[in-house]
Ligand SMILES: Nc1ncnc2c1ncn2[C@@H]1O[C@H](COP(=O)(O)OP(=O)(O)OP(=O)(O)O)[C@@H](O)[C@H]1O
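Before any questions on how it binds or moves, here is one chain, the form predicted alone, in structure tokens.
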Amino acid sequence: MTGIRLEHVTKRFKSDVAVDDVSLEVKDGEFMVILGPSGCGKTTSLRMIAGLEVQTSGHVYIGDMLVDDYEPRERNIAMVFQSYALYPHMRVAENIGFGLKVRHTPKAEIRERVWNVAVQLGIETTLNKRPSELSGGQRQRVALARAIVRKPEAFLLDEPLSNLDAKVRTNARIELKRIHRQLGETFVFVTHDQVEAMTLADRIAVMDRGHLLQCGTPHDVLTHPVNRFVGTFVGSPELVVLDGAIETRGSETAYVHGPIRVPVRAGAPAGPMTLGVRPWDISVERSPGEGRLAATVAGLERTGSHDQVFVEIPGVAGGAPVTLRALVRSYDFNIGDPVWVGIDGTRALFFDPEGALNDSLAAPSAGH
């Protein structure tokens, strides 16, 4: 097993900065996911690890070796591309064994290693087929087999599941995680899909506009996002965000947005603040209760075990109504139904005007 380390790595393309002073350590045997929107620098970071791009400044280490001057073939890193990059004129067995062939591995050893990895991935019956005869999921396994058969020190995967349909992609995620556990090798996986990141990663590195914003476990990134961007990018359904302010009335200090009041830590300074709350921390009830606000069901998305319910809370003093999205387990709601809504303030996130997380505002016990 081999770890990977980026130290203050920057990559410029003429006047454009694709990656800006990124430092990241991937531990031996870890499944690291680099997550971010298109153009954030995640694929460029992966290509610099592989040696397919040369960083403008900074250093890349594979294990204990500084590999800045190493060619891609000298880094013993396997890369799986989004397109899989299979040779269409070659059969599956030839595709899997091609890297061994160019390294002048004996033919008998190639046949044995190709067969063993094909059995491992359940594609031994496809060895005489061409890529055009395979399903998307099978082509993905062939690309993985071609990487595994070389026995590399680490695997780099550039959105390898994005070309699969939804059902196949779900199965492919499960299979990929199983392969990682079986091999025990270091995986660095790039994606824009936060569901993939949350289900696959030991740790997630979130990038935006060339910057590494946060690196942590899926739970840490979900519950303590470093800023508003991370909070809204990670989590499905996405974070509900309301721009409001901290106000003090008598003895109570609260976050206020129209009719919504969420108690916060006593003595918190007044001023603009943004509330972020996960849809599963918003309750929708049939009856009133302490801290609940009267609302109306404005929309429904029936998705199976949970429904997404959009509720509209009337505005105050002529203000616009507030629409919130909640997750519920009941199919009993219909559009137009009167309901009462509560927000779990103890689990709310607060972001300052610059978008940074303020994790000291939540009250020990909130009534909403």
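Keep in mind it's a predicted model, so treat the numbers as computed, not measured. Numbers follow the displayed sequence, beginning with 1.
As for the form predicted together with the ligand, it is not shown, yet the points below apply to it.
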- Item | Stretch in contact in the predicted bound form with the ligand, which is absent here, among 38 to 46, 63 to 71, 308 to 316, 337 to 345 (heavy atoms within 4.5 Å) | 38 to 46
- Message: Please determine whether Leu357 contacts the ligand in the predicted bound form, using a 4.5 Å cut-off between heavy atoms.
- Response: no
- Item | Exercise: Leu24 in contact with the ligand in the predicted bound form, heavy atom 4.5 Å | no
- Message: So, Glu159 and the ligand: in the predicted bound form, are they within 4.5 Å at any heavy atom pair?
- Response: yes
- Counting only non-hydrogen atoms and a 4.5 Å cut-off, give the residues of 261 to 300 close to the ligand in the predicted bound form. none
